[in-house]
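Take a look at this single chain, the form predicted on its own, given in structure tokens.
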């Protein structure tokens, strides 16, 4: 095999030469290989050595060719691409007569030269189908309800939705990874399922694997116990799209993180798409290895903010249409105003009043809604008080609690006070006059203005939206 310069190629992938001559390595060559193999641990690091290079075995030495074996085709290709040149250099440094490195696959003691004859295409296709079946068995089931069509878009989730659409519709990989984060019940999983559904519809030839970080860990632990980590690596690194939900689950789990780190790098090197979701931004995820944390922030990080009143109302309207239920607008407006913790609880409240009306054979009214959801509303009030909201807001903005009640109009005091009024309206069932009295005897119109102002600012000012989200989580978490 020659290149344009007439020199013999240094790296050989197939095993034609082996068919011509197969010489057992001498004791001297065996000793040299043992030293080279040991030196790889220091050269490439413990993690890479253990994952890829430890199984390397010297098979033969002939005509300046060092022939080493690996157990799988995937492993051969990976080592050839990423470490072959350096391993050859190490061999030449140990023995200048070594001019070529040949990597072959040895399965059950037999050498497979991996040259696929035309008549083997049918077998290859069958193997590919088996691989897809294996991936499908590991992937988590998708919820048929969670599609792009049923995802209601508003300012809090517009960036994440647009990024998800871009990933699905692009023929290439637009950014890697796509990292979506947000609080509980804000729509992360819905968006992940929508991506997977659309990928399978638009790109049926691609293998898409979707699963939770918990299931990834389970599969890895099972592979360790069965001494079958190579098949695990080959399975997860052969997909076209890897989607991992709730990555925060592997925080503090060092072995799982290390394996995911190498899987991540392998897929990125192959230009395969990775999509991750979490409850926090990469920089805020505690218990993650710093290398992995930096990798997660490589691509596009898209957050889903807490829902606004308009988005909650839009979601309820879409849900009403889906349920084909006769729910008055006033009831939807009431729910959008009162149930603010997360979308899951919001939809659950609507399902509950619709089911109750169906069973009781009565119309849905504002009064019946309050009656049916009285435990939910009372529990919410018991959890959070206006006093507690004022304390949390004051702590967050480093103010005195007295500033929540004072007449001071300075911006650095007035804006936090408006945030506290907004949260009091969102997180309690107190009336506007009651809230006003708790803030130094202010008029209810002042509270109304504060609620409208913060609602507007949350859509325009990312810092205000983040402040409200942080305080809300501190109160409801």
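Residue numbers count along the first chain shown, from 1. Please read these numbers as outputs of a predicted model, since none were measured by experiment.
Just so it is clear, the following notes concern the form predicted together with a small molecule, a form of the same protein that is not shown.
Enquirer: Would residue 270 count as a contact of the small molecule in the predicted complex, using a 4.5 angstroms cut-off between non-hydrogen atoms?
Expert: Contact check for residue 270: no, nothing within 4.5 Å of the small molecule in the predicted complex.
Enquirer: Taking heavy atoms and a 4.5 Å cut-off, does residue 183 contact the small molecule in the predicted complex?
Expert: Within the cut-off, so yes.
Enquirer: Classify residue 146 as contacting or not contacting the small molecule in the predicted complex by the rule of any non-hydrogen atom within 4.5 angstroms, answering yes or no.
Expert: Taking the distances in the predicted complex, the answer for residue 146 is yes, it comes within 4.5 Å of the small molecule.
Enquirer: Within 4.5 Å, heavy atoms only: does residue 404 come near the small molecule in the predicted complex?
Expert: Contact check for residue 404: no, nothing within 4.5 Å of the small molecule in the predicted complex.
Enquirer: Though the small molecule is not shown, can you say which of 335, 315, 91, 266 has a heavy atom within 4.5 Å of it in the predicted complex?
Expert: Exactly one listed residue reaches within 4.5 Å, namely 315.
Enquirer: Considering the small molecule in the predicted complex, which of 139, 150, 72, 219 comes within 4.5 Å of it through any heavy atom?
Expert: Flagged contact: 150.
Enquirer: Tell me whether 155, 305 and 306, taken together, all sit within 4.5 Å of the small molecule in the predicted complex, counting heavy atoms only.
Expert: Not one of the three qualifies.
Enquirer: Based on heavy atom distances of 4.5 Å or less, which listed stretch (75 to 83, 163 to 171, 251 to 259, 340 to 348) is in contact with the small molecule in the predicted complex?
Expert: Result for this chain: 340 to 348.
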